[in-house]
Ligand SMILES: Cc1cc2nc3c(=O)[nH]c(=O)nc-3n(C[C@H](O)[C@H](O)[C@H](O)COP(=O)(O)OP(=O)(O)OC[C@H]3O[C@@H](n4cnc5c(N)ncnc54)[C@H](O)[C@@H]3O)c2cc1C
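One chain comes next, on its own, written as structure tokens: the form predicted alone.
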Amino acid sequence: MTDYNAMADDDFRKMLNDWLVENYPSELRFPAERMHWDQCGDWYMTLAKKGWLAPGWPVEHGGMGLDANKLLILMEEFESYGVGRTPDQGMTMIGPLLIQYGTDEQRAHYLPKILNGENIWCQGYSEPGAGSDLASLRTAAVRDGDDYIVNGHKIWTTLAMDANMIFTLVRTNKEGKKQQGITFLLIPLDSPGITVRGIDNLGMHDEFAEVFFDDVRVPVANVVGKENDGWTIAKALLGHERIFIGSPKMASLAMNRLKALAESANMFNDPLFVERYTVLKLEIEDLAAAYRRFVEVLKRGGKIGAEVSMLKIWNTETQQRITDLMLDVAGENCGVSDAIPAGDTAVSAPGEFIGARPTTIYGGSNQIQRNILAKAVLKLPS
């Protein structure tokens, strides 16, 4: 098996780019919206067959085993080529969590099904009334022999309509502090009693969904960790999520689209634009350096502390500033919903702007992240 980490960086970049040119569908470059399974399922399976679906996973679990530097290079090459994001919560969230906290049986059962496309996952955390204050969740699971009976309602569940599995938090004990009595549960979405209903966003794209549970039976064996200890698991997964949300991936992709738009509009002849563009470019370079540090800690088996919240704030607010500048560049085309030609691609400035608005909310709003940093890192009083 190829040791990608031993390759020279330039050779690794060339290998990635050459393979993308040969294998990535040209019609999927720089997609204006988050892609559904029927659009990108074939690409998912192409990555799976290549063995590149889970670049950050250890080799022994079917991943590429990339170190932080090579992982960033892979992100950069995929972003610069305009590779769209697949339904990836299996690879970026539940997979790493099961590697860390799952049983041997759970790893043996679920990890291969992520890698072969049999299981597509979504995350069931937020509820009406329990978003950033996640510990207030009310979806309940009552023990009945070897099963739980689950009733409740999850919302803002990304691409649930494309998934067949959901990892979710349920309340199994109502006594004590609200962070106690929460259990982390894996649920097949084809279980009787589950209803999935799509939600259109501002761009009229059904990226999110509601999931309703009505007397849904779930085996006790589907618990990750221990009953009533799900908050520990949830915090670990939120750490993985905030590392993923905090990666330079989204901001870099937006930057590539801004560059294409600006080149087509001859904006690099404008000194004021170049100054604003350069500031944003440097922000991404600094973010990438910080992200590399956090990834290295995880690679060494270390634990990420509350300071990871910094990444999420940094990345999402940079992405929003990039899309703000896109509107300035697009000018009169800001009222055009369709993507406009920009070099060898097409960019929808208003679509990018709208898509960047919720990034500072999901994964725990940036206001909540600043509170976490203030209390847990700076030790400021409540």
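The shown structure was predicted, so the numbers you read here are calculated from the model rather than taken from an experiment. For clarity, a rigid core is taken as the largest C-alpha set superposing within 1.5 Å between two forms. Sequential numbering from 1, following the sequence displayed.
Not pictured, yet referred to below: the form predicted in complex with the ligand.
Although the partner is absent here, Ile368 sits close enough that one of its heavy atoms falls within 4.5 Å of the ligand in the model of the complex. Under a 4.5 angstroms non-hydrogen atom cutoff, the ligand in the model of the complex lacks Thr86 among its neighbouring residues.
Heavy atoms of Ser252 never reach within 4.5 Å of the ligand in the model of the complex, leaving it off the interface. In the model of the complex, at least one heavy atom of Gly124 sits within 4.5 Å of a heavy atom of the ligand. Using a 4.5 Å cut-off to the ligand in the model of the complex, not one of Ala108, Pro219 and Asn222 places a heavy atom inside that distance. Exactly one of the stretches 191-199, 255-263, 69-77, 124-132 approaches the ligand in the model of the complex with heavy atoms within 4.5 Å, and it is 124-132.
In terms of contact with the ligand in the model of the complex, the residue from Tyr101, Phe208, Phe273, Trp231 that brings a heavy atom within 4.5 Å is Phe208. When you look in the model of the complex, the only residue of Thr172, Thr92, Asn151, Thr158 with a non-hydrogen atom within 4.5 Å of the ligand is Thr158. Here Arg171 does not count as shifted, since its C-alpha moves by less than 2 Å between the shown form and the other one after the core is aligned. Core-superposed comparison between the shown form and the other one: the CA of Glu33 stays below a 2 Å shift. After superposition on the rigid core, the Cα of Gln320 moves by 2 Å or more between the shown form and the other one.
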